[in-house]
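One chain follows as C-alpha cells, the form predicted on its own.
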C-alpha cells in the first residue's frame, strides 16, 4: 500500500465525519441560517473531501484500470462541488434575507444597513 492510499482513506473518513456533524447540525441548530451553514459544511466536507480522497486512492491503486480517468473525474467533481456549494448557500441565504422569509434577531445586519442608506 502506498502513502496515497492512506491519505485517501483518511480523507474519506474525514468526509464521513463532516457528513455526520453536518447532519447533526441540521437537526440541532436553532434557525435557518445556522442550519444552512451546517448543510454547507456537510456538503463541502462530506462530498468534496471524499472525492479528493477517491482521487488519491485511485492514483495509489496500481491494479485499477483507468485509474487516471477516475482520479481526474473525482478531482474535477470535487473542485466543482467546492466552488458551487458555498455560492449556492450564499444565494439561498441572500434570497431568504431579501424576501424576509425567515424571522431572526440579528446581532449585526450589514445588508439592512446598506438597504437603509439606499
Partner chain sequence: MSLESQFFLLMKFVIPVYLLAFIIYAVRAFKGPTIADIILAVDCLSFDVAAFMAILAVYFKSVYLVSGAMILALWGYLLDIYIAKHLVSKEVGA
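Fair warning: this is a prediction, and the values are worked out from it, not measured in the lab. Positions refer to the first chain, counted from 1.
The protein also exists as the form predicted in complex with the partner chain; that form is not presented, and the subsequent description refers to it.
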Original post:
Does at least one non-hydrogen atom of residue 57 fall within 4.5 angstroms of the partner chain in the predicted complex?
Top reply: yes
Original post:
Quick one: is residue 104 in contact with the partner chain in the predicted complex, heavy atoms, 4.5 Å cut-off?
Top reply: no
Subject >> Contact flag, residue 110 vs the partner chain in the predicted complex, heavy atom cut 4.5 Å >> reply: no
Original post:
If you look in the predicted complex, which residues in 31-53 sit within 4.5 Å of the partner chain (heavy atoms)?
Top reply: 32, 35, 36, 39, 42, 43, 46, 47, 50, 51
